[in-house]
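A single chain, nothing else alongside it, follows as structure tokens in the form predicted on its own.
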């Protein structure tokens, strides 16, 4: 199936929403400082390209760094929990408690500890990505068919080899789900950090545009953020499909 054929329904939906948005603004006459039209947002994007791409570059670095660190640390945690049984009693309650703390509540603390630079935003993005990857991968490792493990043990594979060569490949579908969730949520942590305190980034630009009643510029920054989040999701999905050529989705097509 060609890429265009797969994307066609989504493109139709997007352009339909934009058309309805434009009609709504024209018919209701809502002021631009409340809801700008798509054409106004496009004009703001064209007029402030250099400013938008400068701040977008900062946010992209924060998101990608947080995604990489969160995925690697989440995968490492899941493997450690599956490999060392005694670690589960200590680490699992800590992971659950950490997810009960709202991210907005952590943001000011991280700013106080790490300052208003890029490090705090990367940590914020890492925190929001870490748990979905760790939990889904660990669930996948635990759900490996026992028959496969028994066969590997019969053939003389030790625990480490069973973990890396049997359990980890079997857990890839679950890990893929966690990484897709992480990719779509990755921008949230970075932008929250930029809202709490920063001097650059799309979140900072959106706050300043809102304070100056430049709502069209704020929507343009939001459009870039959404576009990058969607691109990151589909990139992650394509990478995971490459790693699982044997896995079939519900439609029966090879993933």
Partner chain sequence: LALVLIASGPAWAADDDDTTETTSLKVMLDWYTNPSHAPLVIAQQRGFFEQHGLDVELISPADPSVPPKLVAAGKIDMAISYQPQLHLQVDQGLPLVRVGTLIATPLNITLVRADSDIESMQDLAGKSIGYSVGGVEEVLLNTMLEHNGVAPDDVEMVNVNFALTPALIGEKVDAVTGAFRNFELAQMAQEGVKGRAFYIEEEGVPTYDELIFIANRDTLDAHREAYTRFMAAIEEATAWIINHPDEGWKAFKASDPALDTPVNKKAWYNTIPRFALRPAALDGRRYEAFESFLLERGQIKAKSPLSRLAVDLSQP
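Values in this document were obtained by computation on a predicted structure and should not be read as measured data. Residue numbers count along the first chain shown, from 1.
Another form exists, predicted together with the partner chain; not displayed. Remarks below refer to it.
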Sole residue of 213, 46, 68, 26 within 4.5 Å of the partner chain in the predicted bound form, by heavy atom: 213
Distance check, residue 196 to the partner chain in the predicted bound form, heavy atom within 4.5 Å: yes
Exercise: residue 80 in contact with the partner chain in the predicted bound form, heavy atom 4.5 Å: no
Any non-hydrogen atom of residue 42 within 4.5 angstroms of the partner chain in the predicted bound form: no
Residue 56 within 4.5 Å of the partner chain in the predicted bound form, heavy atoms: no
